[in-house]
Ligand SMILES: Cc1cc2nc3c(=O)[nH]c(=O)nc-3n(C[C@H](O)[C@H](O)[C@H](O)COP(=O)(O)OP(=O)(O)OC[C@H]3O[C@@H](n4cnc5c(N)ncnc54)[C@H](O)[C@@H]3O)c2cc1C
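The form predicted alone is given below as one chain in structure tokens.
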Amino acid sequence: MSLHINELYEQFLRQIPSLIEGTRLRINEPLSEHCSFKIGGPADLFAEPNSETELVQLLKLAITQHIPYFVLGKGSNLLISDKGMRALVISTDHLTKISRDDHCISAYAGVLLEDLCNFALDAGLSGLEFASGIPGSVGGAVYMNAGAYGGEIKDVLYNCRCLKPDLEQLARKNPITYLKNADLALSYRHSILQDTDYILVSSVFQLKPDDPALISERMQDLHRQRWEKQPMELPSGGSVFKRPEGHFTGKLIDDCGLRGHRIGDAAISEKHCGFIVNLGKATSQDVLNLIKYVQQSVFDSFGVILEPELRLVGEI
């Protein structure tokens, strides 16, 4: 950290205790412990707000002190730089309230998708089965319109509660902005949240009543398929590339003879070629080099451009 940044952080740290007594704040926190790839250097500052109020206070303080920040969910679709992040990383891990109102379920950004699906199962509500077994949280799933096995978040999302990182708005008694499904421009692995500075706080999912036994059966079947076809036993960032129109990514990569190909400890999965796995000590540079190699190989062989679905974050 530069001297200027150090001074900013010191001023920030001096004000934290009096404003946010319950928030855990750590310095130089290894981000490899907070993402599914198990890759990534340290965050200069790492905070875990325990409530929506604490989240608002953290944002206000960061903006006032000109501290760069990044909101992190479970990190299941991220590749974090080996150099880490020169920022305040705000984790949503403790924002896990979940409730039901008739056929709707409201879940905060930090709720695990698996917990959301099980809550819906217990309530006898159907529609989220496709998400069962997807690693990650509600925040990340909405942010990228996560999907699998023919279903997507856009199919069941009713609305979202968001914060806009603007001091005037954050100072209001109710700083929340509501965005309906149609406002989010949900499409394949995309939402308007990727193009704006909105921070998702919670989401409401509109579901349909069904027999819990049938819901459970569908969930178990998808769990079985996921474990049979995907490298769930190894650290990864999920599907590395978006599906190119008219093609299957895994087949393109496999047809290039790249199944199992590795650079360092980053390797194309033997089970599913659309995944890159961490064999133990992979670095973000290993993964990036492998991504570039795959892209070039597929383009040379088939003229198809593979666009990464994985997001790269942190200091380059």
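Owing to the predicted nature of the structure, the values given are computational and were not obtained by experimental measurement. Numbering starts at 1 and runs along the sequence shown.
There is another form of this protein, the form predicted together with the ligand, and it is not shown here; the text below is about that form.
A heavy atom within 4.5 Å of the ligand in the predicted bound form is found for exactly one of 199, 156, 88, 179: 199. In summary, among the residues 84, 147, 127, 175, the only one with a non-hydrogen atom within 4.5 Å of the ligand in the predicted bound form is 147. At a distance of at most 4.5 angstroms from the ligand in the predicted bound form, none of the three residues 250, 253 and 256 contributes a non-hydrogen atom. Figure note: of the listed segments 127-135, 212-220, 166-174, 114-122, the one touching the ligand in the predicted bound form, with heavy atoms no more than 4.5 Å away, is 127-135. Mapping the unseen interface onto this chain, residue 36 counts among the residues with a heavy atom inside 4.5 Å of the ligand in the predicted bound form. At a distance threshold of 4.5 angstroms between non-hydrogen atoms, residue 71 is in contact with the ligand in the predicted bound form.
Interface residue remark: residue 192 is not counted as part of the site for the ligand in the predicted bound form, having no heavy atom within 4.5 Å.
Although the partner is absent from this view, residue 185 stays clear of the ligand in the predicted bound form, with no non-hydrogen atom inside 4.5 angstroms.
Residues of 291-316 placing a heavy atom within 4.5 Å of the ligand in the predicted bound form, in sequence order: 309, 311.
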